[in-house]
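For reference, the chain that follows is the form predicted on its own, supplied as structure tokens.
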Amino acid sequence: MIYKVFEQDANTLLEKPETGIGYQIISAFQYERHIMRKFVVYNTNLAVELDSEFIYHKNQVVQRGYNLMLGKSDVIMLETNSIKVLKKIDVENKIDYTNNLNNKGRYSGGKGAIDNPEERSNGTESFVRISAYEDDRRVDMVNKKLKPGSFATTKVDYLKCVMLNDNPIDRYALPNDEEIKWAFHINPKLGDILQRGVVQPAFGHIGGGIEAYFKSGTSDGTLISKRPYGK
């Protein structure tokens, strides 16, 4: 099933880390029920239950659009204290797609960002957060920064994806398969903390792009621009 996340729960999710760029895999109890359920949540607002019908419902979102489904779906309330963000490996067996990697500048092997050590930004490297949503809730448009627990990719890897006409959904192993329409350009300040790694396979996608995880977000004023994808 597809649900609109209750506003309070959506705000709680916004305070928790992402599983990957633009989404969270979560487990939680539905309010006043005693069955643990798993969901893939897009942009903290739209939850697609991770069950045997996940692919069908995911395709409904792609065909009808995020905004339409958000407007027509029933609201689901969760037991706030039970919400847990899961890693990809918690819900999908590790699959080795490396033999199928294309020649569009992707990487094989390595670990995902959250499994690698923290490092400090040098103050000159740029990053890009790609998104299907103009109102990406992980981007703080008031303070011009990425919120804590958010993913992005390096500008170098983003440009490879664009210039080599690669598929960003497959490169960054995104679950929703919605067209990527926006690119938020970020220049972290000297000392901002990040972890970087290789996007791991998930949701039938190969991955192999570069991801960067900002556990504490980025400093104020680090969002440089919001542009249409590829521009």
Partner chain sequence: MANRKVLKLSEKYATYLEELPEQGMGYQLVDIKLKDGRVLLSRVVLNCIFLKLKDDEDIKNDDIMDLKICDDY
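Residue numbers count along the first chain shown, from 1. Computed from a prediction, not measured in an experiment: that's the story for all the values here.
Keep in mind the form predicted together with its partner chain is missing from the figure; the text below concerns it.
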Task: Selected contact from Asn187, Asn43, Ser27, Asn176, since only one has a non-hydrogen atom within 4.5 angstroms of its partner chain in the predicted bound form - done: Asn176
TODO: Quick one: find which of 104-112, 132-140, 117-125, 74-82 has residues within 4.5 Å of its partner chain in the predicted bound form by heavy atom distance.
DONE: 132-140
- [ ] Tell me, yes or no, whether Phe39 is in contact with its partner chain in the predicted bound form, where a contact means a heavy atom of each within 4.5 Å.
- [x] no
Open item on the list: Taking its partner chain as it sits in the predicted bound form, is Tyr66 in contact with it (heavy atom to heavy atom, 4.5 Å or less)?
Closed with: no
- [ ] Decide whether Phe54 counts as a contact residue for its partner chain in the predicted bound form under a heavy atom distance cut-off of 4.5 Å.
- [x] no
Open item on the list: So, Lys160 and its partner chain: in the predicted bound form, are they within 4.5 Å at any heavy atom pair?
Closed with: no
- [ ] Taking its partner chain as it sits in the predicted bound form, which residues of 205-221 have a non-hydrogen atom within 4.5 Å of it? Please list them.
- [x] Tyr213
